[in-house]
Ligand code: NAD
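For reference, the chain that follows is the form predicted alone, supplied as structure tokens.
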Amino acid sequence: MVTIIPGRTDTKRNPNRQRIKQVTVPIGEIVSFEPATGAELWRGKVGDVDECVARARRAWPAWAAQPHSTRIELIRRFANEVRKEADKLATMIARETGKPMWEARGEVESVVARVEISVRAYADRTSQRKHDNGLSGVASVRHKPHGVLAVLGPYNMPADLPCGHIVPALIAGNVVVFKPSEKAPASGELLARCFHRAGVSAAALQVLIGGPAHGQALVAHDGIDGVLFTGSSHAGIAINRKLAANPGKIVALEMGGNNPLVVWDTPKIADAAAIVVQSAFTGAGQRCTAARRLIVKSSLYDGLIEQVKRLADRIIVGAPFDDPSPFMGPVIDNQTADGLTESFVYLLSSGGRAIKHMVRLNEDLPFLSPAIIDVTKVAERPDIELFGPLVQVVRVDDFDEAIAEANATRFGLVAALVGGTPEHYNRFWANVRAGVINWNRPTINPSAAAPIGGVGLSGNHRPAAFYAADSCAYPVASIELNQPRLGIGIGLRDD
């Protein structure tokens, strides 16, 4: 949880709900507080956008001139530095985001795994190709880096998701100005140190500490050649609108989703319930791939919902280092928790039926219980991403209705079918609009060895993960001869 306070006083509470001393944050500083305790974790000065971009532009020619093999070697050294700092980085992520330690360790492991995936992706997606073009010479396709790229990271996975853009960008020969989320600056800074200790210069990868205004200034800066963004659709749309008149900048938007999970004919109700709970509540529902809408065949409804609620009732909500380990921690801050509880009340007042109420577990800290609400009778369901542990249930009678309900959204990131036959899945895959479509698997944890992206308000057709290489270099076509050779045989007067 992060507060950016321009010279005013803020009051935080400790875990025992006793007021602690007032914290005054000077102008030009950002302070990060732990969601699970309210304690101050980190503070730092905001950066200068113009200075960062100018430094990056000076650094780019030398970085781009490095042999490709050298850049890959440095990135592999980065993976080794992350391995060395795994406990420290995981602890920082857990403290700053509130996620359980087991989940933070998994994020660090994903950072390491992204390196070799990105190396393979660059070779596969941007490999050099040549073919003989007869007397016209050799036709070749090679790729060039864009230059200075801005990477804007989210708070929910403050190391893994930024690395999904930073690593392929550096491999391709770009330099990066990385602005971590203002809600997770400490994790971003620690991540950058691993790059620097690996030999990536502090000019080739810079961290810009700042709030939304710094991100906006970075996006619009004339010295930036492209923007690689992961975050909310609201912010992504603002970036897209800002740069719409500037086609020279590459823009890759990886945004959220109002993701459907459809449960159809299956005898394995317990397994289906586990998939639902894992999809909806892992990370306190703060995953862009989390299941937001559970669409259930009427004949399965009672048995499935009973099992889902029973599992959700058993979920341990707690702090990152609690024993026994919690399944989920708090949401990122009190403002988010307040918004989610208000959204739950709105759905109730609009005709929703509570299956499991959302409960604020601590009046001073953003711990929420997982919530389930049947919205089948809600006439106008809000098509928004409720980024937290809240799943909306819709009952349907036939498969066409299930597909129509799944598509009743402007988003299109992830969809999943649980149960059904291969024929059902084929129909589901063919007709549902999403960039990731699963069968009998959760909506979360998509493979980084495949493209991850969406349509509609979920992305701009530039997926990340394995396909992030596409956004980090552009193809250059050439026709080449060792000596000039050409004659004009038509349309000339006799000599």
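Heads up: residue numbers just count along the shown sequence, starting at 1. The model shown is predicted, which means the values in this text are computed figures rather than measured ones.
This next part talks about the form predicted in complex with this ligand, which is not shown.
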Of F344, Y122, F367, Y155, the one that lies within 4.5 Å of this ligand in the model of the complex (heavy atoms) | Y155
Tell me, out of M358, V317, V396, I239, which residue has a non-hydrogen atom within 4.5 angstroms of this ligand in the model of the complex.
-> I239
Within 4.5 Å of this ligand in the model of the complex, heavy atom basis, the matching stretch of 138-146, 178-186, 125-133, 368-376 is 178-186
Taking 4.5 angstroms as the cut-off for heavy atoms, does E96 touch this ligand in the model of the complex?
-> no
Is the gap between F327 and this ligand in the model of the complex 4.5 Å or less for some heavy atom pair?
-> no
Does at least one non-hydrogen atom of P260 fall within 4.5 angstroms of this ligand in the model of the complex?
-> no
Though only this chain appears here, would Q392 touch this ligand in the model of the complex if you measure heavy atom gaps against 4.5 Å?
-> no
Residue by residue through 254-286, tell me which have a non-hydrogen atom within 4.5 angstroms of this ligand in the model of the complex.
-> E254, M255, G256, G257
